[in-house]
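In structure tokens, one chain follows: the form predicted alone.
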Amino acid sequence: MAETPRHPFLQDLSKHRGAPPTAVVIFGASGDLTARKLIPAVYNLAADNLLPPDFHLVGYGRKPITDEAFRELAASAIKEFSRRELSDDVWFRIAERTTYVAGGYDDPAAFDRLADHLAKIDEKVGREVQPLFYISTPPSVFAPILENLGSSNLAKKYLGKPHHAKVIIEKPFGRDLESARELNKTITGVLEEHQVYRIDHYLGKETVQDLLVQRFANSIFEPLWNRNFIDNVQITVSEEVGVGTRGGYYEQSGALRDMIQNHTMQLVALTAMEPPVSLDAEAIRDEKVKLLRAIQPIDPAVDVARAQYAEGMIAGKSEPGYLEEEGIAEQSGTETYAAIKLSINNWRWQGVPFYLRSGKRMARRVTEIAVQFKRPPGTLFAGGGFDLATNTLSFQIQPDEGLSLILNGKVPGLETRTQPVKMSFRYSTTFGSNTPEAYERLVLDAMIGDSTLFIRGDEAETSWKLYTPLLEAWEAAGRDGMGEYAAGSWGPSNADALLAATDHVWRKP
């Protein structure tokens, strides 16, 4: 008699990379991040047969709703935000194991109910199910959630076993060095470091991961990846959108906290770190921390520029200035644009400036790492007719993931004339456009216990140690030194002056 085929959800278990039976518990289940990213990530992992066979999804939030109501919310989120259309077959496999627990984040009794709920899942499955807690809430309730995970013993569940409890914590990881240390202290009072996954979704992007491959799997780059051949490195994280309805939040954040201290510094670390001894998570994270510690203190008077966007045109539409946005103080000192010059004091990068910039309401949305090489001596191709560009290797993180290399080539004809040419690789054209979202990779990595693409506690503190003095200087200065740039432009004149001081100019991505 022929064997009955297994349900597709249970087939090809090798695909889920060894993830044990897992119950993902999302704190903040009705939040925007859950709808836009987390629920679609779970759905697409299921569609790719990357979830373990005994997978459960548990929503946790203050709103008292039924399991069925949460399933309806999840299905709506998939329809609106998933990179794939909702398939009844795939959704059925998730829906039948999707439940909801209502409770406050500071309510110990509610966490006891959550513990009972997870125990019943274990009983139903017939084996121990790994709990993966995803804290997708405002930072103000990080501490109560962590403390209640401790008091309910959920944080210690299956500790000492491979499928022990794990916790994913969303950014922002503190507002400055003191708050980051305080949060780390709360975490270490409840969890061991190997249980903690501080998430920065940029690390889940394909091009960010490809950066390590390009650097260390191609022998043509490593001999040139140093001060002898590289002139400067520019990292741009720009957005077309303004603050919108998030003015109240952004007033407490600003470009430095929102983008540079976390996302952008991750890109710096991966671009500049030394080769790790292996692809082991701790080997990579050790090198990132060493690199961050080699960055010299930032001089607020010399190494930075900040500004706010003013009224301007984007895509033919007039956009208001930052001070005219809803929820913004009349004399706000919050920057919507920040540019930083970093100096790395080690053998590889001594004398090579790293320029970082991030801003809202800029010319277009793009995240890019541009490595600009030194120009060759101009003795052969000097004078008219020779259009020579700086050799530049650029990694585009978003929106069109890929990389390009600018070279100089001869223009066809009887005269010797040169022209810059670009060699490009795009993920969408080479591998197809349906690239997995960053959160898919990160959720799966956390399930299997791979912390490579997550931030360690000392790494977060090292970054805050660098930027906290700058934040304090800006707070003391108020609006003094604040520049201005038109919405739809590439930034303020004081940022151009920052580079002009070392005979550099910003590249237009």
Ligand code: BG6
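Note that residue numbering begins at 1 and tracks the sequence as displayed. All values derive from a computational prediction rather than experimental measurement.
Beyond what is shown, the protein has a form predicted in complex with the named molecule; the following relates to that form.
- When the named molecule is considered in the predicted complex, only one residue from His163, Lys205, Arg93, Arg71 comes within 4.5 Å through any heavy atom, namely Lys205.
- For the options Leu183, Ile406, Met259, Ile168, the one in contact with the named molecule in the predicted complex, meaning a heavy atom within 4.5 Å, is Met259.
- Contact annotation: Tyr249 falls within 4.5 Å of the named molecule in the predicted complex, judged by heavy atom distances.
- Using a 4.5 angstroms threshold between heavy atoms, Glu287 stays clear of the named molecule in the predicted complex.
- In the predicted complex, at least one heavy atom of Gln398 sits within 4.5 Å of the named molecule.
- Residue contact check for His201: one or more of its heavy atoms lie within 4.5 Å of the named molecule in the predicted complex.
- With the named molecule omitted here, the record of contacts in the predicted complex names 238-246 of 222-230, 238-246, 143-151, 269-277, defined by a heavy atom within 4.5 Å.
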